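Let's start with one chain on its own, the form predicted on its own, as structure tokens.
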Amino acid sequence: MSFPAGFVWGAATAAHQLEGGNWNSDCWALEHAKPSFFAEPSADACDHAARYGDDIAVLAALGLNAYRFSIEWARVEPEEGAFSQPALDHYKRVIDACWSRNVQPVATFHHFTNPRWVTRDGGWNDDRFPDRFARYCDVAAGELAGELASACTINEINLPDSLGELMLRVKAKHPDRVAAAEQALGAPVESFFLFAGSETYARRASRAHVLARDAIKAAAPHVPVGMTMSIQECEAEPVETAQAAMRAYKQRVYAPYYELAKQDDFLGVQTYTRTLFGADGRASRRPPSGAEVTQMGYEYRPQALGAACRDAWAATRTPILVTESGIATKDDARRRAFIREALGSVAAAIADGVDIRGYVYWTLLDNFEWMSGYAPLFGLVGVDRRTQARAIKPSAVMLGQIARANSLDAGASEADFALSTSGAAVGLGVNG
């Protein structure tokens, strides 16, 4: 159960979910609409914009060697054509903090959020979007990309395609929230990434990825560049209607981006559960009767990760980096079990010839989980919402032990954990 030499072990975050105070983004506007699709505002989040040094130091001390974070476009280009040097300098310091602790910085250039001015003009449904995104990537890459270990253009580029039918039902059920959202955005709600699924979305998203990849490569030819995809294990009932529905779903939601990935240096695979296809021809992530369910309402299905990696490799033959895999739960014992089972499925896929080069857990800190607010707990490290104090969980220690050993044989015994299940408070005071 050992992993290849040079295997990447890390944890992932996203700017809006933990930096705090991202008031110039479209997501902030939606959070403060009344009524809102969001359970609560992000507010100060985890104050990571000020505490990144502490948090990266914790990651490194655990034994992880990669930190995936996102660059916030709303901070870097707060108005069209006006780029913020202080914002770019901040992300330079984040990158420096990684290297100073022998942690590989992996940056994502778009993780769900846009500047408000982009969304006011139609966001993802505006034909100007790809060129605007490419211009931002060109400027940000020129300042930052040369010091990155690798770069992701767009996080879960295919997610709007996957969410399309669900979001149609959500909008139909909550017309008052749609109206409030559109007033807050000054644009149709489809301008926001999570609602952007349409027949024309894939065309714009694909062009945005290609232009962004080219911009990053021009600034730093040595840096591997890819996108990340939401890829769940797909399973259909043994009847033709279900099988046909699964084939159609994969053709629509995965195939266009798999084709793009063939030209990339790697593909980021992000998997949380499985999608089931019934005889009625519909896709569902509703857990089967009696199945264990996570805080997100997903079926507990750690082995879905290995299945998703196999599917992506068969379709693209592009090297894979697991850029997200995790579980929302209050029970850290279940998190430990989930991680070990997910990694077991990765090890089995590698043994069968799938080129998987790293595992990045979602997420480093308990943070703002978009429309669900702060209730779902994905983090390896807990965060006190009142004091911002961090608390390392036993799952973090276990994953660090596995990473240090580069083997699942490590961290298997409860006796190995250095911390109680309540965690240990952390406050290193070593920012930057």
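Residue positions are given as counts along the sequence shown, with the first one as 1. These numbers were taken from a predicted model, which means no experiment stands behind them.
Quick note: we don't show the form predicted together with a small molecule, though the next part is all about it.
Proximity to the small molecule in the predicted bound form holds for all of His111, Trp362 and Phe378, with the criterion being a heavy atom within 4.5 Å.
With the small molecule omitted here, the record of contacts in the predicted bound form names 364-372 of 53-61, 364-372, 30-38, 390-398, defined by a heavy atom within 4.5 Å. At the 4.5 Å threshold, heavy atoms of Gln270 reach the small molecule in the predicted bound form.
For the chain shown alone, Ser25 is not a contact residue for the small molecule in the predicted bound form, no non-hydrogen atom being within 4.5 angstroms. Using a 4.5 Å cutoff between non-hydrogen atoms, Glu324 counts as a contact of the small molecule in the predicted bound form. Although the partner is absent here, Glu72 sits far enough away that none of its heavy atoms falls within 4.5 Å of the small molecule in the predicted bound form. Out of the listed residues Ala255, Ala291, Leu88, Met296, Met296 is the one that sits within 4.5 Å of the small molecule in the predicted bound form by at least one heavy atom.
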